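Same chain, two versions here, written out as structure tokens and called structure 1 and structure 2.
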Structure 1
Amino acid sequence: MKPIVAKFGGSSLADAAQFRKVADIVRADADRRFVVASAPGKRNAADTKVTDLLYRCYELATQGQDAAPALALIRARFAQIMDELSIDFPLDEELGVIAAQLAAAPARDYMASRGEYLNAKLLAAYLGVPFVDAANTVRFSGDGRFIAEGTNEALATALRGVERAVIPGFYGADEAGRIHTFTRGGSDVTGALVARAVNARLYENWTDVSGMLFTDPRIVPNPDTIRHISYRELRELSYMGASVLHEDAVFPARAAGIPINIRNTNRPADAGTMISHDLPPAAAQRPVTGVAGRKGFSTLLVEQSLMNNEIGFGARLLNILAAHGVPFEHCPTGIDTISVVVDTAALDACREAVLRQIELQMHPDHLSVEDGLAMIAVVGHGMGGQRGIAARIFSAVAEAGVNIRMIDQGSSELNIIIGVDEADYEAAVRAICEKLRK
């Protein structure tokens, strides 16, 4: 039987009680041979994730301030788990290495990765399963780019013939052994990489909700659980902000045709969400699968009379953004105007230089930037075959008194995306979900 890879998120491994639940889940199915662990997350709403404490240590150290109190908080998190579960583990020795590294040559990604490293070591000791370090298997280039094929080969080689293993999520290393991390939430990606490398029959992603929900539960109370969803729908929703699964976790699983099952560590009997290529007929026909969104976008608006006659105008604008490393999200155009929606944080890194280059290279009649845009995506395979979905979305938003600042229908008819003011974001999501449910 092919194995199952089980990734447990931060809240699933936040304290000793959660470790016990994880052990019960792992032991309940002998096929759960490969376990990927996150760092301890929040134990309650007011708590701090160990990863955030580690970033704080790095910031303090680089500002010449004392990181010892933050390190002590981290120590207390792991010590509590160790002591309550009577795990024999050289915690102070391991923390000594980390503190020495922090003092000698602070490195941000190395520091951030130590939550996963220590937690996976603890979990491995608790389960009595070997620890396999991601530093030797998950490959990055020296400048921090993830190397997909090299990683797949290294992971497959390291895990060939291995009966069981616990692998830390979130990080890997370059050839020189320097640690690099994925973006936040990246343990989901590691889980998918391990699943691909061991040719798993299933990638289980264990978290604190019983699957992917129709929308963000922090905005709409008790949304329905999506029982089946395609990789493409999931990718759209997670890219747009449905943060339950890291957007890049879809690719390795999809490439290998491995279904992903999102499950709840606190309610292991719930079936959760199944993500695969093929959907059961009812799921394939439903017009809308989910609604997601996020804040933090800006619109660059460029006006130029007779722009439509000038070949390459749009390309030049996008080239300027590309040259500054700013990816574009959407690009709605008019006859004499072109606007580009970008991530505000990405633009902020080079805002003045980008605007100067646009002025210099394009001499527009008008150039402006509007910040404070939120984007909402309504996603579903069945949308293309059903009339009136767009009308219902727009009327819902209008009835909520919200002004739509941008509309984009993806070329695949898999989504409709609207832009609204950040202040209107939650109200618009609520109105859309309410209308679509009727």
Structure 2
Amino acid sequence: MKPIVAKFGGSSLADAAQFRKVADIVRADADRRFVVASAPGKRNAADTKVTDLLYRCYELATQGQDAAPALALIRARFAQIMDELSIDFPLDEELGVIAAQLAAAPARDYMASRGEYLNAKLLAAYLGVPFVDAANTVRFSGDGRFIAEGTNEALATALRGVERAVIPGFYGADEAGRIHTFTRGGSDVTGALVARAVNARLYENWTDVSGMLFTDPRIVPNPDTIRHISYRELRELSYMGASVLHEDAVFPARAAGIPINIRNTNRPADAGTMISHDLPPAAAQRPVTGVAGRKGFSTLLVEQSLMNNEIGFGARLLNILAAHGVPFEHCPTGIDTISVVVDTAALDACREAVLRQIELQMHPDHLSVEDGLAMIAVVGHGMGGQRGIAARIFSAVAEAGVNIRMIDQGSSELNIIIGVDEADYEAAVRAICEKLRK
């Protein structure tokens, strides 16, 4: 039987009580052979994540300040878990190595990774299984680029013949041994990489919710749980703000055809959300799978008479953005106009330079930037075969008194994306969800 890879998030490993739940889950199925661990998360709303404490240590050290108090808080978190679970582990020795590295040559990624490193070591000791360090198996280049195939080969080799193991998430290393991390939440990615490397039959991602929700519960109370979702639908919803799973975690699992199951550590009997290539018939026929969105976009509007006759006009505009490290999100066009939707924070870092280059290289008739845009995506495989979905979305927004500033639909008819003023974002989401429920 192919193994199951189980990744447990920070809330699932925040304290000794959560460790016990994780151990019960792992031992409940003999196929859960490979476990990926995150750093301890918050125990309550007022708590601090261990990763944030580690970042604080780095910042204090680089500013020439004493990081010992922050390190003491980290020690207390791990010591409490050890004491309550009677784990025999050389914590002070490991922290001594970390403190020495911090004093000699502070490195941000190295410090950030130590939460996963220590927590995975504790979990391995508690479960009585080997610890396999991601630094020896997850490959990065010297400049921090992730190396996918090299990682797959290294993980497959390291885990071949290993019956059970715990692997820390979030980080890897380059050939020189320097630690590099994924973006926050990157333990999800590690879990998917391990699943691919061991040819798992299932990748379980254990967190503190019972799967993905139809929309944001902070905006729409008690939304339905999505029982089945395709990789492509997940990708669209994750990108637009549905944050139950790191968006890059989809790729390794999808490449290997491994389904992902989002599960709740605190409610292990719940089925959660299953993510796969193929959907059950009932799920494939539903018109809409979910609604997601986020704020913080700007629209770059360029007007130029006879633009449609000028070959390469759009390419030059996008090349200017690319040269300044600004990715474009959407690009609706007209005969004499082109609008490029970009992340406001990315544009703010180089706004004046970008506008100046557009003026110098393209000589537009009109150039402007509008900030304060929120994007809302309505996603579902069934939308393409159902009449009236777009009409219901637009009428819902109109009835809520919200002006639509932009409309974009992908060629696959998998999603419809609208742009509204940030001030109208919540009202628009509520109106769309209410209309779609009828």
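Because the structure is predicted, anything quoted here is derived from the model rather than measured. Start at 1 and count along the sequence of structure 1; that gives the residue numbers used here. Only the largest set of C-alpha atoms that superpose within 1.5 Å between the two forms is called the rigid core.
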query: Number of the structure representing the form predicted together with adenosine-5'-diphosphate (ADP); finding: 1
query: Chain position at the hinge linking the two rigid parts, options V198, G211, F146, L60, forms compared between structure 1 and structure 2; finding: G211
query: Whole-degree angle by which the smaller rigid part turns once the larger is superposed between structure 1 and structure 2; finding: 7
query: Per-residue CA shift, A70 (Å; core superposed between structure 1 and structure 2); finding: 3.1
